[in-house]
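Single chain ahead, written as structure tokens, the form predicted on its own.
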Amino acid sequence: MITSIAHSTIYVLDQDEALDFYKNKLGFEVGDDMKVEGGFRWLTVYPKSKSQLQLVLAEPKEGPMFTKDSAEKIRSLIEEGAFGAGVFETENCQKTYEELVAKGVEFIQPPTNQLYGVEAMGIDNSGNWFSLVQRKK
């Protein structure tokens, strides 16, 4: 029986730049940062609240998972903003939005009332969108 989800992958254009964004803009902690077989870099981040789910910041590269052609197609889709990085929860969407804007994070939607709470939509430095949500209580 599967009991939890440990990691989810976000494809990024450059792992060093993505690490800087997720750590210094969004305030995430670094989980693992190590080189593994074949030059692959295992890089994970997670919110300071210590979520059990870590995000893997992965560059699509030719190797066991992708052909050269498929890696290039994925990079192109990232640049087009076709992928999402996930939904990040906050206790106060307006306050977190203002803090992130002050740090230079780009948003495509300011905090907006939704059926499930307040949501803002941002973009990471690779072009992946993410949702910032304050759940309704």
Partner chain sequence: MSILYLDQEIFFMATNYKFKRLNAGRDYIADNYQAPLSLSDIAKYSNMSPYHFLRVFKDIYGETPNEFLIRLRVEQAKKMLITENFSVSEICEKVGYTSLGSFSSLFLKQVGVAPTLYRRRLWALSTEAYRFPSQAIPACYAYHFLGKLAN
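Positions refer to the first chain, counted from 1. All of these numbers come straight from a predicted model, not from anything done at the bench.
Beyond what is shown, the protein has a form predicted together with its partner chain; the following relates to that form.
Proximity to its partner chain in the predicted bound form, defined as a heavy atom within 4.5 Å, singles out one entry of Val87, Ala102, Ile108, Met34, which is Met34.
The stretch from 79-87, 92-100, 37-45, 108-116 that comes within 4.5 Å of its partner chain in the predicted bound form, counting heavy atoms only, is 37-45.
In the predicted bound form, at least one heavy atom of Tyr11 sits within 4.5 Å of a heavy atom of its partner chain.
Proximity of Ala58 to its partner chain in the predicted bound form: non-hydrogen atoms within 4.5 Å are present. Residues of 102-121 that come within 4.5 Å of its partner chain in the predicted bound form, judged by any heavy atom, do not exist; none qualify.
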